[in-house]
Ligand code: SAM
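In structure tokens, one chain follows: the form predicted on its own.
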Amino acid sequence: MPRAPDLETISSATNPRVKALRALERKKTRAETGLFLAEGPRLVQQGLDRGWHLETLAVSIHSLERPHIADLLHAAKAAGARLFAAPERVMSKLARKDNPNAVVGVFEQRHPALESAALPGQGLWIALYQVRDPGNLGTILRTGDCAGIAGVVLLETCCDPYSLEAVRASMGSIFDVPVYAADLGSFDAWCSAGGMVRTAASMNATVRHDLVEYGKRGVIVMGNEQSGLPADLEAACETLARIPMRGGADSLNLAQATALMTYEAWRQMGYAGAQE
């Protein structure tokens, strides 16, 4: 049975290292440090497997005898991460959960430039305009990951994909789906240069979402949770699509609507790459 490597033990929630990790709950601190939190051994292992830089790994003392935790600690140490163990009452302060994870990792963020994104012969992208809910953003990353999208583009001012809520909702897809940020001008230039076909979900559309052609290089453009898309962004899209609805509700949740559009576009591509 593997043994955990020797590591520092921290018993106080006021320890500077614990306070530094807790501060990463704040967007300002994440922006200043370029770091973010990922909870749970599966997410941390996924980040390591995908080549993301793990800066710090904190584990609960009671988990040290678990073989998979010992393996994770050895992998983190080999990757150059700083390690420490803490009791549950301290671990609960890191993510502020009543039932804290036994593992909390601190990773370096990635901010690739949209202009550097390699455009494949065919592929599907998602663009989100001023999305505000980190839970929606994380869920969209997870959905896009399942459908094998090439990336997500955040247009103008959106919520932070590296917030604890977004990372949790992504269920690890934050490590698999490239996330880009762009203003509308840069996005338009990128789409034009790459021959991207933009399909926007819109209440102004008359064509059903499963009857439009998304293209072999397609971008699904989704709007803000409350106000949708501005007129100029809709006008720049090649196609507007409407998701049919009935009943008392007048709209779908953003993540649900994005999933419907994404899977229809993927269906038109023959579910390329889907597992058998």
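Please read these numbers as outputs of a predicted model, since none were measured by experiment. Numbers for residues come from their place in the sequence shown, where the first is 1.
Unshown form predicted in complex with this ligand; subsequent notes refer to it.
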With the partner left out here, check for me: in the predicted complex, does some heavy atom of Leu21 sit within 4.5 Å of this ligand? no
Should Met222 be counted as a contact of this ligand in the predicted complex, where contact means heavy atoms within 4.5 Å? yes
Leu229: heavy atom within 4.5 Å of this ligand in the predicted complex? yes
Spell out, yes or no, whether the shortest heavy atom distance between Ile243 and this ligand in the predicted complex is within 4.5 Å. yes
Given that the partner is absent here, state which listed stretch (62-70, 28-36, 43-51, 246-254) has heavy atoms within 4.5 Å of this ligand in the predicted complex. 246-254
In the predicted complex, the residue from Ala166, Ile149, Val106, Ala201 that sits within 4.5 Å of this ligand by heavy atoms: Ala201
